[in-house]
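As structure tokens, one chain now follows by itself in the form predicted on its own.
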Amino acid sequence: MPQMLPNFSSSVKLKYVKLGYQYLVNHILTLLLIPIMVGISIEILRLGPEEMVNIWRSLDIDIVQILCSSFLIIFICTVYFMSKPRSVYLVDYACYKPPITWRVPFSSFMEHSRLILKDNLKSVDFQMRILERSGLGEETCLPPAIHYIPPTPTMEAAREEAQIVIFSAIDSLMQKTGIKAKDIDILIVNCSLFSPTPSLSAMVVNKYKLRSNIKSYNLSGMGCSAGLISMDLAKDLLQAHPNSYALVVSTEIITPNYYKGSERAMLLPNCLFRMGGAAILLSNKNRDKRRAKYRLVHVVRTHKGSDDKAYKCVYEQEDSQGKVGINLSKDLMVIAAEALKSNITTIGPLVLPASEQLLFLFTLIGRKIFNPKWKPYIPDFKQAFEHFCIHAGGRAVIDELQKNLQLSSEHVEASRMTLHRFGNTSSSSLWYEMSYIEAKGRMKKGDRVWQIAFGSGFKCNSAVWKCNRTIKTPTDGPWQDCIDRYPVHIPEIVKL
């Protein structure tokens, strides 16, 4: 009886085949250079010192040629280093933590909804269903003005919220870094929906008595991804202004934007958005390289505003009763997926190893030439990053990105736990997630972090950071009193 051949498909673990392929492709230059260098070294040893001296003398190189060559090398190196972009370092950051007295448990939220919308019980039931599936926990917070029945969203109350959130975050950052107000050269404040006069950036200048020549910017109306837009602006300004510090403040003021109507599409933000804010200190000073936590590697911005559906999928408007709110379109997740696709198409070649790029290229060629029905290859971004900070915009956003990027539960843990503990804090949510990873002691030197955020317009923005040093578990921060309880199990539906 002829010997049966082994079943290679079951005996060979394809996982190890892929690992071998990745190692081979990613280290191809090293693997090629090593035998070449070994060959050259053996040849030099074989010739001996006298033979090498004779070869050198036979070249007949005079002092003028040596000086010209040296000058050319020095000139090329000088041009290279002068044209090289300045490194931008994240020295440190601080997140605002609201007091426990401002928390909004589900029971309180629903009680307020029933009292405010007593003539529209269907809208109350709708909010309850959203809250049950939201992924939020019982400790998220809303500002004092929203705790009143009915809410009192006055200009004074909105300013008070802005002051306590922004000033608390900046005070904490200054304490952590030891920086003084007079040292700040650039100030950027982003808040999408609250844009008073004077601006929030002017409010910061007045509070801390910043220098009269400070470069101050106030970004509004740019949605939950405005934090990364601020990073991009700060990066460009730091390229133009050497030896500078940039202070970036990201927040969303809830008080004036709480919707008091009954339109379902406009009630969603009430269920998801909560208080929060972050202050970040960036530097391009060489002396900050050692103490800085991270170095900014890339910022990639994608804008789909030329498409009408994308432009209007997150839209501030009045309802039929003249009450202003944010309308979230049913097409939001489809549009977000398209924006993400465009963004990763741009960022992929910048961060993915050669093995993933080749697999993607071969699959693309195969689909174009051989069989269009071939399944498209989704690059493994886990090869490029150790940590993922996905904007905690809602459970559906995190689920969709986990599915599309083929991430594990641990990769999206920071996003889910941030949503559970703090809710959707808009542009500052990414920093609560970064703080979670640090609080868990997972951030090591050389680790790469991918921050992804979505915003109205419609935008998908990414930032890539590289950890400068292994970060010790912090003894302060927003997770200080609760990190030991996390991660927690979040059921699909929390019955209220």
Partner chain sequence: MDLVPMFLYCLPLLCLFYNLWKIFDKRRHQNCYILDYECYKPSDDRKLNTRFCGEVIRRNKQLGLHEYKFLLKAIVSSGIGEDTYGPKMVTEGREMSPTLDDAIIEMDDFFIDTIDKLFKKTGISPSEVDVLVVNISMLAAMPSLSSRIIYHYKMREDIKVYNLTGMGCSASPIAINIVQNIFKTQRNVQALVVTSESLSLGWYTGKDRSMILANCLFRSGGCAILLTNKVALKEKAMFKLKCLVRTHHGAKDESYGCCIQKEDDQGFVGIHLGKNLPKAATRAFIENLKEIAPKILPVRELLRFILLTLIRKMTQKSTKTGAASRPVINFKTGVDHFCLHTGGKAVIDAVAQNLNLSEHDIEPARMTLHRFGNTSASSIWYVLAYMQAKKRLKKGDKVFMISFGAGFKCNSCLWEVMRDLDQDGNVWKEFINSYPPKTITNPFLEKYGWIQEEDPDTFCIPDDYVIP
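Owing to the predicted nature of the structure, the values given are computational and were not obtained by experimental measurement. Positions refer to the first chain, counted from 1.
The same protein also has a form predicted together with its partner chain, omitted here; what follows describes it.
Chemist: Identify whether its partner chain in the predicted complex is within 4.5 Å of every residue in the set Pro105, Phe126 and Gly135, based on non-hydrogen atoms.
Modeler: Verified in the predicted complex; spot residues all out of contact, no.
Chemist: Counting any non-hydrogen atom inside 4.5 Å, which residue from Ile369, Leu121, Leu361, Val79 sits next to its partner chain in the predicted complex?
Modeler: By the 4.5 Å criterion, the partner-contacting residue is Val79.
Chemist: Looking at Gln357, Gln317, Ser168, Gln406 here, can you tell me which has any non-hydrogen atom within 4.5 angstroms of its partner chain in the predicted complex?
Modeler: Result of the distance check: Gln317.
Chemist: Report whether the minimum heavy atom distance between Ser201 and its partner chain in the predicted complex is within 4.5 Å.
Modeler: Taking the distances in the predicted complex, the answer for Ser201 is yes, it comes within 4.5 Å of its partner chain.
Chemist: Closest heavy atom of Asp232 to its partner chain in the predicted complex, within 4.5 Å or not?
Modeler: Asp232 belongs to the contact set for its partner chain.
Chemist: Taking its partner chain as it sits in the predicted complex, is Gly223 in contact with it (heavy atom to heavy atom, 4.5 Å or less)?
Modeler: Close contact exists here: in the predicted complex, Gly223 approaches its partner chain to within 4.5 Å, heavy atoms only.
Chemist: How about Tyr311 - does it come within 4.5 Å of its partner chain in the predicted complex, if we only consider non-hydrogen atoms?
Modeler: Residue-level check for Tyr311: yes, a contact with its partner chain.
Chemist: Please determine, with the chain shown alone, which of 67-75, 141-149, 415-423, 275-283 has non-hydrogen atoms within 4.5 Å of its partner chain in the predicted complex.
Modeler: In the other structure, the partner sits against 67-75.
Chemist: Could you pull out the residues of 183-212 that have any heavy atom within 4.5 Å of its partner chain in the predicted complex?
Modeler: Counting only heavy atoms within 4.5 Å of its partner chain in the predicted complex, the contacting residues of 183-212 are Ser192, Leu193, Ser195, Pro196, Thr197, Pro198, Ser199, Ser201, Ala202, Met203, Val205, Asn206, Lys209, Leu210, Arg211, Ser212.
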